[in-house]
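Single chain ahead, by itself, as structure tokens, in the form predicted on its own.
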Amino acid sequence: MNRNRRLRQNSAIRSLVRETTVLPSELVYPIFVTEGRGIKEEVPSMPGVYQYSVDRLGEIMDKVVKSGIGGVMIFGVPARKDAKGSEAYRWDGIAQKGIKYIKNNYPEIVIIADICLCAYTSHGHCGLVKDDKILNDETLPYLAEMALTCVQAGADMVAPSDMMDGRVEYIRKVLDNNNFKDTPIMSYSAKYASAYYGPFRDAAHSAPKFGDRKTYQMDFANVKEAIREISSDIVEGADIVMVKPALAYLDVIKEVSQRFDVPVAAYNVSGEYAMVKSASLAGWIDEKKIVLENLYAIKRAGANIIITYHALDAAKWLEESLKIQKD
């Protein structure tokens, strides 16, 4: 008889032989920065997640620093939108102002700037539009300009999430030509056209005004397509590749982590967060146990970095778990 239970009989032994660990430093917390003053407004479909005006960013950033998580990802929520998403690439745009505040006051935190036009365009799509068609090549200069202004504001890394072909190469060239050769690109390489994004679109006010995003985001039935996308992005200069969403795409994360020798990020997205949070508030599940189990599943699949709205709570729970194991 194989007595496999010998290695499960108490917490000390289980800790000794544990195959996977999740550290707070591997987590990234998304933050929504909005125009105005004195604003801390909860996102209705994401309990515990808020939009912050720049003057109140310190409230959340103090918690971020104390938590020990690895970084923050910044999303701007502008007051004005137009067809070209002009507020996205202004040197004094809302994302840029938020980044500058964080860099000046919390220089030790890694700041990742999400690069996309959807929250800034009047039509809600991630690129320029003509005759209801999303234009690929014409969008690239605007994405690159947004990346450049975010880096100039103090972003340590840029993360293009638009899924336009060739955007990594275009952004890389613009950054290099402006003396930002050392700025990494975390590409949303395998970003699926997912129903899990609904709460985020409430938070960023980024729902498309017509059609959907299936002509540029990926078909959720495909894995080989993800490999092609990631191969292209690495060739174009991506330093980190991302799979989004995470929980419904663990097989993709596993495939990517085994095929490529670059860090893999996974985005535990708004819908995944909202389902756990709402079930917890209803008393149906144990939030702490579910969140940690989900994060370990994402890490076990092969992710090196996890972007999650659970990051602050998870960091506390992970530290508590580590302390218990040491005790």
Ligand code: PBG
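Being a predicted model, the structure only gives us computed values, none of them experimental. When you see a residue number, it is the position in the sequence shown, counting from 1.
Not on display, but discussed next: the form predicted in complex with this ligand.
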| property | result |
| --- | --- |
| Options 226 to 234, 194 to 202, 133 to 141, 102 to 110; stretch whose heavy atom lies within 4.5 Å of this ligand in the predicted complex | 194 to 202 |
| Whether 114, 188 and 213 all lie within 4.5 angstroms of this ligand in the predicted complex by heavy atom | yes |
| Candidate from 67, 270, 34, 294 lying within 4.5 Å of this ligand in the predicted complex - any heavy atom | 270 |
| Selected contact from 118, 241, 129, 153, since only one has a non-hydrogen atom within 4.5 angstroms of this ligand in the predicted complex | 118 |
| Contact flag, residue 161 vs this ligand in the predicted complex, heavy atom cut 4.5 Å | yes |
| Close approach of residue 75 to this ligand in the predicted complex, 4.5 Å, heavy atom | yes |
| Residue 217, heavy atom within 4.5 angstroms of this ligand in the predicted complex | yes |
| Contacts with this ligand in the predicted complex - residues in 295 to 320 whose heavy atoms fall within 4.5 Å | 309 |
